[in-house]
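Before any questions on binding or motion, here is one chain by itself as structure tokens, the form predicted on its own.
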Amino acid sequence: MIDIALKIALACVALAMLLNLWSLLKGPTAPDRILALDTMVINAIAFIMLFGIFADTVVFFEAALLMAMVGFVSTVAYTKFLLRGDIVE
């Protein structure tokens, strides 16, 4: 039963990532694209976590943690660049 739920969840997260990719490529403004990229990172983290549960290993959890940290820093850097034109003041 849990295998079926995990497969459905993986399919839903994969579909959400495809929609985020569409929004990233066709976003009308730069803030929309940054938001799509941030949401895509969150969906990738969810995908990695679900795959880790499906594979019954803890290795993917550490990868998800690293991806969360990199995603947060990149989102802050892109946003700061858009607002101020410079990342490091």
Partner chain sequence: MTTLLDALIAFLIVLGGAFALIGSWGLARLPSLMTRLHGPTKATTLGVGGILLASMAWFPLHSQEWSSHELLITLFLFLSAPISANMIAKAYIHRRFRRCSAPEDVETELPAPPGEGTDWATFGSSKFDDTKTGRP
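Keep in mind it's a predicted model, so treat the numbers as computed, not measured. Positions refer to the first chain, counted from 1.
Keep in mind that the form predicted together with the partner chain is missing from the display, and what follows is about it.
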{"query": "The partner chain contact at residue 25 in the predicted complex, heavy atom, 4.5 Å", "finding": "no"}
{"query": "Contact test in the predicted complex: residue 2 vs the partner chain, heavy atoms, 4.5 Å", "finding": "yes"}
{"query": "Residues within 4.5 Å of the partner chain in the predicted complex, restricted to 56-72 and counted by heavy atom", "finding": "56, 57, 58, 61, 62, 64, 65, 68, 69, 72"}
